[in-house]
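A lone chain, given as structure tokens: the form predicted alone.
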């Protein structure tokens, strides 16, 4: 569908129509922060949000979910949870992170539970209007995205330019009624906004290219920064739990009180947590904080790049905001490594 113009009143009417027809989750104000939540009315939607506390990945891979139910007799059944929903107002860097999850969970042995949820999610992306203080998405190439969404909204003055890219997006946009085609002026202003985003979303500046990060880490395994910074780490895992491109998990079997039935559950896990690398017999492959702290950056900047071809950081800055010790910022860490190159 060609780009259309959406006035602010029509925008509110469209969101209200979506809420009547679908389960719509979007950013809402929670005090002075923002969080995704179920929308009850169009007025609650805040597309001027800087960054949400948690990324929208929680709707694709919940903090905890049942994978299988089983009984003592040996019977078991896979559980495919999730209902159709619309994620509204997703920023480009979070769209990029979801695309990374899509790629990771379809490689090798595809994750059927993730894919079952993913197929039920329609994404309405929105270009960033307000930048958070820790954002560096422009450094990571995620200030804007060309795909990975069903509908894209871009505010230009007092009007949104809206563009559908999929059949699911067309179905959503049909609820807005007949819309006027975006004119050359509006499209030009959208192009200018995309260019401006390269500055707007560079509040923190990474002093190297994204493609240089795997090589930088390759040369820095014994760098003293790992120990120096990790001495302040509480091993709380906040940085990885709020990260849109951290999707490690643990799987546990839970037997019911009747000792007859049970569930196999998947739950979020993170490499900064003390027990993350523990195995049978009590051995911990990363017992020291320094080892866990270093692994986080290698997993994101090198290991997944070597395996999947992408650096697992989209520059949202959530980790830096969540870390009480001030040691989680990838920009600060990578720049400190560059100083000794």
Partner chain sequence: MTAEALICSDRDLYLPQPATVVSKTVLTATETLFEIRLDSGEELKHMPGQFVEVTVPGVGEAPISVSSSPDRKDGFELVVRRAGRVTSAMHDRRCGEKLGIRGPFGTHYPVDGVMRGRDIVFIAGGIGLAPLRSAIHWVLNHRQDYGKVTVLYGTKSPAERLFLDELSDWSCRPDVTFMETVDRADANWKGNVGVITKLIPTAGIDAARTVVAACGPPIMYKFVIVSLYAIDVMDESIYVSLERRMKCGIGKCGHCQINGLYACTDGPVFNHADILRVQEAI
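Positions refer to the first chain, counted from 1. Everything quoted here is computed from the prediction, not taken from an experiment.
Keep in mind the form predicted together with the partner chain is missing from the figure; the text below concerns it.
Participant: Looking in the predicted complex, is the partner chain within 4.5 angstroms of a heavy atom from every one of 12, 39 and 168?
Facilitator: Heavy-atom distance to the partner chain in the predicted complex: none of the three under 4.5 Å.
Participant: Answer for residue 221 alone: is it within 4.5 Å of the partner chain in the predicted complex, judged on heavy atom distances?
Facilitator: Yes, residue 221 sits close enough to the partner chain in the predicted complex that at least one of its heavy atoms falls within 4.5 Å.
Participant: Might residue 226 be said to contact the partner chain in the predicted complex, defining contact as any heavy atom within 4.5 Å?
Facilitator: Residue 226: no contact with the partner chain in the predicted complex.
Participant: Even though the partner chain is not shown here, does residue 279 get within 4.5 Å of it in the predicted complex, heavy atoms only?
Facilitator: Yes, contact at 4.5 Å.
Participant: Would residue 212 count as touching the partner chain in the predicted complex under a 4.5 Å heavy atom rule?
Facilitator: Residue 212: no, not in contact with the partner chain in the predicted complex.
Participant: For the chain seen here without its partner, which of 125-133, 178-186, 230-238, 262-270 has a heavy atom within 4.5 Å of the partner chain in the predicted complex?
Facilitator: Heavy-atom contact with the partner occurs in 262-270.
Participant: Only one of 258, 77, 81, 158 comes within 4.5 Å of the partner chain in the predicted complex by heavy atoms, so just point that one out.
Facilitator: Filtering the options by heavy-atom distance leaves 77.
Participant: So which of 115, 195, 85, 174 reaches within 4.5 angstroms of the partner chain in the predicted complex, heavy atom to heavy atom?
Facilitator: After the contact test, the surviving option is 115.
Participant: Pick out the residues of 42-69 whose heavy atoms come within 4.5 Å of the partner chain in the predicted complex.
Facilitator: Sequence-ordered list: 67, 68.
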